[in-house]
Structures are given as structure tokens and as C-alpha cells.
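Shown next as C-alpha cells: one chain only, the form predicted on its own.
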Amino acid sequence: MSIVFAKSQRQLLSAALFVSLLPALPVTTQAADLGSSQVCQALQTKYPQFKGKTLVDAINPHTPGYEALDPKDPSKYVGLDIDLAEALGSCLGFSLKYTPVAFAALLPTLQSGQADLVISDIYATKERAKAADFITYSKVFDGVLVAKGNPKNITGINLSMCGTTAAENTGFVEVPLVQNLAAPCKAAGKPVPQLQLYDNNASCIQAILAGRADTYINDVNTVDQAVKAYPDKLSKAAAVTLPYHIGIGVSKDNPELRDAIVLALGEIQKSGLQLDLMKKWGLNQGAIEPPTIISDK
């Protein structure tokens, strides 16, 4: 068995475990009717350049609940972000093609013109806004994943992490937050935390399961689902609020697509569809926030 195949199998297993934990919910009528709503029809008239087109959405499909391989059909993707992208397409009249890339390659793929948008549980930070414009749709709450019983007594991104090893995703905002603990740990006479960098959530979770890492800090929904999948081996030590938002990335060269998405997302939220989708995927409905543009301009 090749390494690549083994990784794919782990990802499918992770997605399958997550899907098996979801309640069976009917497809909402809002999704089917969205494209024919008065607002969406008006948007298709206002932005005719997108109607009938196929847009490319760059995703990192390793975050069950947001985007992951479909365990029933590995050629497809499932999750909130996939459903949200399809809803935007329904409202604005375009279809979608998904391009899977490493997380660190999401924005470079957008900047190079190989993708039209990025909807992939990406935090819309000011630093990332130098590379793309973002339309926010959710607040950010992180969870602190640890081995069952929390043997290292980690309580958050604080001095309790001194001397521990954190598994994190390359390019994630948590990486510099952990690195920034070096100075205060040294000042307290404690060893600095160590980082292990991986290219997806499944590998970070496996690092804890294998005892290579002590903690993994990421979106609280990702952490909660990991605990549900491995209740005898993993625990959530704490939840922390980060000053970020989850956003949809759009090229700075395409302000009309950005503005169209802001208006379409507003209609999706007003219709109650995003709330239904958050429920469908077991995500925190209280995290929904009105679309706001984050840009460095």
C-alpha cells in the first residue's frame, strides 16, 4: 500500500466517521428555490457575467463538517463549505468545479488565476487579506485537542503549553500563536513549545493518537468531531476565542464577484439556508455572522 493511498484511506475513514455522527436531515426547500428568489434573479441580472459559467473553487478537503471527501463517492466533496458554494452558485447562476490543494496553496492558487474563489474554512486575517479579499460568514472559536485525560494539563494557547509539542497545519494562524509563546516560556524559566507541521487535520489528529504530539489547536468544530470519533482516546481541554473570521476568498482582480457574493450570501442568510446547513453539518449556529468584506485596501 502506498503512502498516498494510506493517507487517502485515513481521510475517507475520518469523513465517514464524521458523517455517521450526523443526524439525518431532509434537503431544505430553500436550496432548491434559492435561484428563483426575487433577490437572486435580480442579482443574476445585475451580474450577468457569472450566469451560466463554471467557477473554480480551491479547497483543502480535509476538514470534516466543512469540506471532506465524500465517503460514499471519493470523487466528490461534502460539507458546509461545499453546500454554501453550491448555494451561491444557485443564487448567482453559476456552477462549480472544485480543485483540491494543500492548505498553504489555497491563496497562491487563487492569485495565480487557477481558481476563482476559495471556500475552505480559511480564517480571514489582515495578513491573508494582502493576497485576497474576503467575505466573512462565521466567527472563529478554537478548541484545544489533547489525549484523553489531558495528561499535560494544557488549558489554551498560554504558558500551560511550555515544554509541550503541538501538531498544527502548515499556514494556519495557530502556528505563529504557538511560536509567540517562546519568549514568555523562556521568561518563566520553562522550555519553549515545539511544533510539528502537517498538511491536513487528519495528520494532526493522528499525531496525538500516536503520542507524537500533546495538542492540536484548531476550529472547535473540528476538535469536537475528533473527540466524537475517538471518545476513548481524545478530549477537548478548552475552547478559546480567536479574533478572526472564516471567510470566502476572492481575487483582488475580481471585485464584482466579491460584491456579488456579499449580496448573495446576505440572501442565503436571510432565507435561513445557512442556519439549516450549519445544523446539517453539526456546526455552531451561533457562529453565523453577516457578510463583511475584509481587505487591505
Partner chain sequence: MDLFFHYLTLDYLLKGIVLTLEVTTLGLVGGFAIGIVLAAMLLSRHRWISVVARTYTVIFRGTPLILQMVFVYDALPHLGIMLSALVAGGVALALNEAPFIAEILRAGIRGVDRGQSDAGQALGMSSFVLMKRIIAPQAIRTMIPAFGNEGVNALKNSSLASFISVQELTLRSTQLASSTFDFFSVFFASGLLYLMLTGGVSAIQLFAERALDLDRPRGKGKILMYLLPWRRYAEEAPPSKAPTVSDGVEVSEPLVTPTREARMTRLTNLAKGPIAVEIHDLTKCYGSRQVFGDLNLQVRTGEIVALLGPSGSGKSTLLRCINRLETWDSGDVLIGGRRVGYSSGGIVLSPSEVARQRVDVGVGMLFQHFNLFAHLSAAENIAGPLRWVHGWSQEAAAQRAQELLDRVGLGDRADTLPRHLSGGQQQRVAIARAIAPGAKLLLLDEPTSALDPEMVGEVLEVIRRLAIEDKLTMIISTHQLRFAEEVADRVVFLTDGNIVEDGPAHEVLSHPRNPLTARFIRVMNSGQTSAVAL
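Everything quoted here is computed from the prediction, not taken from an experiment. Residue numbers count along the first chain shown, from 1.
One more form of this protein exists, namely the form predicted together with its partner chain; it is left out here, but the text below deals with it.
- Shown alone, this chain has one stretch from 55 to 63, 37 to 45, 235 to 243, 268 to 276 that lies within 4.5 Å of its partner chain in the model of the complex by heavy atoms: 55 to 63.
- Proximity to its partner chain in the model of the complex, taken as a non-hydrogen atom within 4.5 angstroms, holds for one residue of S90, N200, T164, T136, which is N200.
- Checking Y77, F172, F94, F141 against its partner chain in the model of the complex, a heavy atom within 4.5 Å turns up for just one residue: Y77.
- Contact check for P108: a non-hydrogen atom falls within 4.5 Å of its partner chain in the model of the complex.
- Using a 4.5 Å cutoff between non-hydrogen atoms, Q225 counts as a contact of its partner chain in the model of the complex.
- Its partner chain in the model of the complex is not approached by V262, whose heavy atoms all lie more than 4.5 angstroms from it.
- Residue contact check for A182: none of its heavy atoms lie within 4.5 Å of its partner chain in the model of the complex.
- Using a 4.5 Å cut-off on any heavy atom, the residues of 204 to 230 that reach its partner chain in the model of the complex are, in sequence order, I205, Q206, L209, Q225, A226, A229, Y230.
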